[in-house]
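Just one chain is shown here, as C-alpha cells, and it is the form predicted on its own.
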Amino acid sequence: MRTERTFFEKVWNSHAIADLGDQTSLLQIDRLFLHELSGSAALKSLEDEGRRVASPDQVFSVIDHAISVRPGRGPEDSERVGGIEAIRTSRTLSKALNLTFFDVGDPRQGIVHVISPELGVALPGLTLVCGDSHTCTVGGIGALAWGIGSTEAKHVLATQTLPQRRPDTMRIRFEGSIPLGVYPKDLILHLIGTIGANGGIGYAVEFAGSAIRSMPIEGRLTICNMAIEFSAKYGFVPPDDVTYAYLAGREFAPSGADWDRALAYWRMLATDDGADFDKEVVIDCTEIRPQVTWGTSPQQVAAIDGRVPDPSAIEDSGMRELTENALRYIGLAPGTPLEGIPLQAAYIGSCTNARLSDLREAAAVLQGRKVPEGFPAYCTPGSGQVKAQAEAEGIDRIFRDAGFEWQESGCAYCGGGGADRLAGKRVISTTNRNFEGRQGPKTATHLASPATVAASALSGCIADPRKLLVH
C-alpha cells in the first residue's frame, strides 16, 4: 500500500466527514469569506428561510466588489447597478449575525483575496471558500481554497460543510532562474498560453519547482490567483519556511503555544517524496520573456517581442475560429507586433496584482517619469493596509507624479465596476481576465505584469519593461 501522499490528499482527507459516493466527500469548511455581491445574496436567503449561522466565528465578510474606489468615496458609493443595495444588505446582516466584518473605512478593508492572507484569515491546511472564482488565490499561503456560488455559501453558513467531488491531481514545476524584467504574472500567463485555458479541468494543481520555492508569498498568490484561468478549481503551494515567516504576527494567525502547535502541523503537510500525481508539467523559466495577451482569453498570449498570430496559419478549425473572433473584437490585424500597439488607458489593480510588491514593481519603472499628457492611468491598491504602507514608502507620490490616479482599495475596474471609465478603450491591465466587455462595454483588455503596465503607460503603447529597468 502506498504511504507517500500529496499535500492535497493530506488536507482533503483530514477534512472529509463522510463519503457520499461517486468520488464525492462532505468536507468540513474552516473559513467562509463573503463579499457584498454573492455574499449578500446568501445572507438574505438564509434570513428569508429563518435559519441561523452554524459557526459565526468561522465566517468573515467584507465590502469590496461594488464599492467605488474613487478618491474620497463615501460608505455607500457604488458605480455598479444594484451596488448600493448589496452594500447595505451585506453590512446590515453581517453585523446582525455577529460575523467578523471589514466595512468601508476599516483600515483592514480590501479585496477579499488580498486581505485574507494579509490578515492571517487564510492559513496553511485550512479549507476556505468564498463566492468568487479567484478564491484559489489563497492557495499561495497553503490553504485549500476555491470559489463557490451563493447557494453553496448559504449551505456553508447553515452547516459549515460542503459536498465536493474529488479531482485528480496535477503538479506544475517552474524550474530555473527567472530573468530580469520577468515576474510571477509572466510565468502564469506563459503557462496558460502553453497548456490552454482548459488545461486544468478536473485537476487540483500543486505549484512547485525551484522558481516557486524562491518566490515570495505575494508572487505565489499571483500564480495561484490565475489557476482558475486554465480551469483548475484549486491551485496551491504547500507551506514552507517562506510561508511561516509571512504569517507570523498576522492578526488572525495563531500565536504563542497555538502558533507552535500550528507550525508542527503545517510542517507535516508538504507533499511526500515519491508521492504520485495524475499529471505533471515542467516549465523552464529561463526562457520566459514578459508576456502580454493579444486576444480575449488569457491563453491568447505571447512574449512582448512577438506578433499577433495569423488565423489562416492555424490548422485546428476550432482554434482558428476562436482566434478570428478574438481579433475581430480586439481590433488587431494578424502579424501586428505586440510592442508598439497604441493604448488608451492603463490599470494597475485587482486580486491578481494589487499587493505592495506589485506596486513597488511598477513604481521602479515609473519613478521620475510621466505618462503622456491626458493618458488615463489608474492604480487601485488591493487593501487599506497596502495603500497605507505604499503611502508610508512614498510609492503613492511616484504614481501621482507619473500621472496615475491614486484610488481607494477595492475590486474596481477588474470586473467592469468603474462606471465605464474604460468603456471602448484599449487598456493594458494587471487584472486576470480579458474577456469581451470584462472591463466595460467594448473595452479591449491586454493582460500583463505591473512592470509591463507601467512601462506601457509611460509609452502610451505596449512596451517592454526591461528597457526601463536599471541593470
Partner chain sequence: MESFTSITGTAVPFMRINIDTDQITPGPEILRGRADGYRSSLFARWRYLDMDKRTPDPDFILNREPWKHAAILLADRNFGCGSSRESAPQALRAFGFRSVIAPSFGGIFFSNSFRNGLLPVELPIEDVRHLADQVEASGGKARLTVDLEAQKVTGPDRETYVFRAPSVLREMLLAGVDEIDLTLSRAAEIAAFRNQDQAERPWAYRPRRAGQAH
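In this text the structure is predicted, and so the values were computed from the model without any measurement. Residue numbers count along the first chain shown, from 1.
The same protein also exists as the form predicted in complex with its partner chain; that form is not shown, yet it is the one meant from here on.
Query raised in the report: Among 176-184, 305-313, 257-265, 333-341, which stretch has residues with heavy atoms no more than 4.5 Å from its partner chain in the predicted bound form?
Result: Comparing against its partner chain in the predicted bound form, the contact stretch is 257-265.
Query raised in the report: So which of 233, 190, 387, 171 reaches within 4.5 angstroms of its partner chain in the predicted bound form, heavy atom to heavy atom?
Result: By the 4.5 Å criterion, the partner-contacting residue is 233.
Query raised in the report: Can you pick the one in 69, 402, 444, 37 that has a heavy atom within 4.5 Å of its partner chain in the predicted bound form?
Result: Of 69, 402, 444, 37, the residue with a heavy atom within 4.5 Å of its partner chain in the predicted bound form is 37.
Query raised in the report: Does its partner chain get within 4.5 angstroms of any non-hydrogen atom of residue 53 in the predicted bound form?
Result: Contact check for residue 53: no, nothing within 4.5 Å of its partner chain in the predicted bound form.
**Report entry** Contact label in the predicted bound form: residue 201 to its partner chain, heavy atom within 4.5 Å
**Finding:** Contact check for residue 201: yes, within 4.5 Å of its partner chain in the predicted bound form.
Requested in this report: Using a 4.5 Å heavy atom cut-off, state whether residue 165 contacts its partner chain in the predicted bound form.
Outcome: Contact with its partner chain, yes.
Report task. Using a 4.5 Å heavy atom cut-off, state whether residue 161 contacts its partner chain in the predicted bound form. Result -> Judged by the heavy-atom cut-off of 4.5 Å, residue 161 is in contact with its partner chain in the predicted bound form.
Query raised in the report: in the predicted bound form, do 14, 123 and 436 all put a heavy atom within 4.5 Å of its partner chain?
Result: Each of the three qualifies.
Query raised in the report: Out of 83-112, which residues reach within 4.5 Å of its partner chain in the predicted bound form, heavy atoms considered?
Result: 83, 86, 108 sit within 4.5 Å of the partner.
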